[in-house]
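Given as structure tokens, the chain that follows is alone and in the form predicted alone.
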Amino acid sequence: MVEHVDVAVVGGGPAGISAAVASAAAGKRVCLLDEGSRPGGQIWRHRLGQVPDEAQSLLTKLDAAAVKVLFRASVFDVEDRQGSWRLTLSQGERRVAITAEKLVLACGARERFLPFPGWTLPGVMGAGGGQAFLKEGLELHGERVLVAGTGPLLLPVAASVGKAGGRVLAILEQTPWRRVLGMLPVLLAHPSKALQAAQLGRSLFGVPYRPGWWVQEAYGKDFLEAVRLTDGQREEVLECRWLFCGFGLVPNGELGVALGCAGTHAGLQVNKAQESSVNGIFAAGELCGVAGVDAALAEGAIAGLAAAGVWDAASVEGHRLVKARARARSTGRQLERIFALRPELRGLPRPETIICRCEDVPYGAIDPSWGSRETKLCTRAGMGPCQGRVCGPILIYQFGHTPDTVRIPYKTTPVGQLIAEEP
């Protein structure tokens, strides 16, 4: 059986929820699809009954709206069926098909990893991945934890480590002090964010914050034991049990690319109504470039209204959303400049350092003259279960590769579900 809706929204984070609520309020039949077990995406990830305060209002609106929500649902195929879109998804052991007149892609972003010797050791994980584990109840019981990488996410991760009983040794920010100080005008322009930063600062009192430092190498036999860090001139070794290390976010653009939407690895291109280069496909949030939750909420609402055919930029609400979007995008560009990756990070991998974890491809096996296709054919990098979602951004950063083509299935899917059950 195939279910028919007016608008299908892919992604249940702030952008997707905002889009679904807006389309439903316009009287459209809406289906919201998400791979998680609860709405909120990564930024509002929570345990049952522990909804973050900032998410409460929108999630309440979602509960009250006439929106069909499918959780644990992964879209693995999309077809253009003469003006409508047919989505095929895997939901546990079920194969589900949905047709929609319009699509809103709100697929969010994922963490960017950069390789260094020892980055595949147990106990080393992304800052965002560590945050997800902590939100799901990971307890650290006094264990020594180092938080490193770049971006504003490092502070809430470190605060979560403290709440989970861990001992934060330091926060290493690869951006130098002169650029970190560029955050002051951003915070002054956003009093609510300045308040959040002040609260985080109080919770992290006594934890060393070290701009201009980064991880060079992680040591350990069966689990992480120590980390060597540097500022480019000095080196130190810290014994620790956990390293939460993240280098920002990259958009989950694979579905949009597969459907022919124009864009780059930094995000899909959209017009003022959040419509992509493909008629009937809209995009919102981090998929259009990483800019945070405020941009996601405004763009999601615009995309939802536009997909429902009622977007009016000249209305009072339209003017508010356009202003909020512009403000959030401007802040996103400022943060991108402040936390730009330093070139020294490219020199961290050794020939034996793993680049593609799925296929165990070492750095030395990749010829710098190759493009993405040659690298895939010669080494299988990007051909494992994650389909390049981890190593792809690494190859772009290290070698200047361009993203390769995206083919079905877009996500790992049981073979039996690839067999069509209906026309």
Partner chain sequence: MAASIYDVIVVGAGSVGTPAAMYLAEKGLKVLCLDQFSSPGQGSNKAAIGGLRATHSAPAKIKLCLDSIKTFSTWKEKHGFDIEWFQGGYVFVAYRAEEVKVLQDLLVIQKQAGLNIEWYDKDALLKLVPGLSAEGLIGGTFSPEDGSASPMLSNCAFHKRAVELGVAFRFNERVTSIMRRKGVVVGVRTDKGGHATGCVVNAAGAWAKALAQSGGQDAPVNPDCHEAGITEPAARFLNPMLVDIRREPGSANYYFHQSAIGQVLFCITPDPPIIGSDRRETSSYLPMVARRMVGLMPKLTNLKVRRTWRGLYPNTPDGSPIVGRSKTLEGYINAVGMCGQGYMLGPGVGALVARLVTNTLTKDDEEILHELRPDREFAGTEALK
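Numbering follows the first chain given and starts at 1. Worth saying up front: this structure is predicted, and the values here are computed from it rather than measured.
If you look for the form predicted in complex with the partner chain, you will not find it shown, but the lines that follow are about it.
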{"query": "Joint contact, P409, P414 and L418 to the partner chain in the predicted complex, by non-hydrogen atom at 4.5 Å", "finding": "yes"}
{"query": "4.5 Å heavy atom contact, I354 to the partner chain in the predicted complex", "finding": "no"}
{"query": "Partner contact for E143 in the predicted complex: the partner chain, 4.5 angstroms, heavy atom", "finding": "no"}
{"query": "is_contact(Q398, the partner chain) in the predicted complex, heavy atom dist at most 4.5 Å", "finding": "no"}
{"query": "A109: touches the partner chain in the predicted complex, heavy atom cutoff 4.5 angstroms", "finding": "no"}
{"query": "Interface segment, criterion being heavy atoms within 4.5 Å of the partner chain in the predicted complex, picked from 50-58, 63-71, 23-31, 373-381", "finding": "373-381"}
{"query": "Heavy atom within 4.5 Å of the partner chain in the predicted complex - residue from E79, E336, E236, D312", "finding": "E79"}
